[in-house]
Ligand code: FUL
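Below you will find one chain, with nothing else, as structure tokens; this is the form predicted on its own, and questions on how it binds or moves follow later.
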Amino acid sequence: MKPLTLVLSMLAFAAVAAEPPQPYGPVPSERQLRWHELQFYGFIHFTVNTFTDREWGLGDEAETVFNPTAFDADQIVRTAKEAGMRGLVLTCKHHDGFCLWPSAFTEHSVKNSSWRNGRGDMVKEISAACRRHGLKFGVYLSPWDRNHKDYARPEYIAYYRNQLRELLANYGEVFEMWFDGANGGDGYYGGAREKRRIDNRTYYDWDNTWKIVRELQPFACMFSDGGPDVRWVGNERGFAGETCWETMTREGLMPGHADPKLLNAGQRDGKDWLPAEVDVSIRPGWFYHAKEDAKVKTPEQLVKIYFESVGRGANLILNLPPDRRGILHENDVQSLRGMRRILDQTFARNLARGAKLTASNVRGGDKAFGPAKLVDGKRTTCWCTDDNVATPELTLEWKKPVPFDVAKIAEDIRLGQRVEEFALDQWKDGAWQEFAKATSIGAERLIRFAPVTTAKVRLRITKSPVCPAISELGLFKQP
């Protein structure tokens, strides 16, 4: 190409290249974007409760009771990976105060257990297995401690922070730090055996406790009722709200103090990016109980949970409690495999990739924001319209009718959560007929509906304060 022709070509390209839209409202931090990408991971609840058949330990359990006879970190982590999980969060210390690592600050830990003759470190073994299998590793450290003599006194906060430093400094990268809201009540408390209450707004001095996490694990997202990075979804039954905004106002929120209904839906006008995490157990309880072996959630129940959590813009953390052997029970493994099989078959083929895509508007007429970006498999590209076009339409057309019963749509959340309502239509009997509609989209929206067979589908953005930025669109058929 001659120099003059090349210059003219570059000038022409520059003339049509469009700028992306300005972000709308709060946007996720880099650590939150990394968290969103995970979508689905596991929880491991394992402690003395597993051997005493309790859900909440009293704090007076003998360390020797903890003795898994065939502990296998690889079996646990491998099963989680096969289920499609991208990480595991380990309950390193639950409310009973027993520590799964040989903490230098207490005798109430694995170093005085029967397991490995007191020389074991379960945090080390699980975190190492996660690295071997390519999963992220996360930490749960209960703020409440029914064993420690100083709980509810100022001295306990120093103890808690020392243990937090042990976990965050010695076991590699941590993707999530889990703080829950159970605080105070009856306990052993070093032999006092009494009820102790604390003010959960002030006792833990959360701002300074959180600073330790930021210092030692800058990319770890912190979970609690009020974040600061990820919020509780408000229930332990496995669903986010039908409308679930990624945004909330954090002011006034903290671990153990929040409105469950508000957490479940979020706030459209929230001032902070504070997405929801759905925590639910594969069994009725969070710890293993033999009497629940026949009550493991079925593959179909787990798929429903997936659609009502990940499919509503949240992340799903599914609890997998090891049994007294120290492995995941066969019933749990079978159910996880069944769930994965259904999900893999459902999302094996995106029918939208075989369609001709036509948009009513493309930002600046630039292909960089054209409808082809919806099916390029990249969350960082998007179909976007001009600033003055907030309710555009997009049509998918096939050469012959195709059957489907699941739709997926996602926003480029780097630009905020923009769309408030949308609808899907099929071309039937010479006219458009609506077959699905929903509200919030966010990181991902999945919708299941009665089977549709058609040669044309229309996506309508029906309510949005600004131009949409849609990164993904998919149509799928369940097995």
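Not measured: the values here are computed from a predicted model. Residue indices: 1-based, along the sequence shown.
Note that the form predicted in complex with this ligand isn't included here; everything after this is about it.
Every residue of the trio 56, 279 and 286 has some heavy atom no more than 4.5 Å from this ligand in the model of the complex. You can rule out all but one of 72 to 80, 268 to 276, 338 to 346, 94 to 102: in the model of the complex, only 94 to 102 has residues with a heavy atom within 4.5 Å of this ligand. Residue contact with this ligand in the model of the complex: residue 178 places a heavy atom within 4.5 Å of it. Though the partner is left out of this view, residue 236 does reach within 4.5 Å of this ligand in the model of the complex, counting heavy atoms only. Contact annotation for residue 66: none of its heavy atoms lies within 4.5 Å of this ligand in the model of the complex. This ligand is not shown here, and in the model of the complex it never comes within 4.5 Å of any heavy atom of residue 51.
The contact with this ligand in the model of the complex, taken as any heavy atom within 4.5 Å, belongs to 182 out of 406, 351, 182, 262. Contact with this ligand in the model of the complex, judged by any heavy atom within 4.5 Å, is made by just one of 159, 307, 210, 140: 140.
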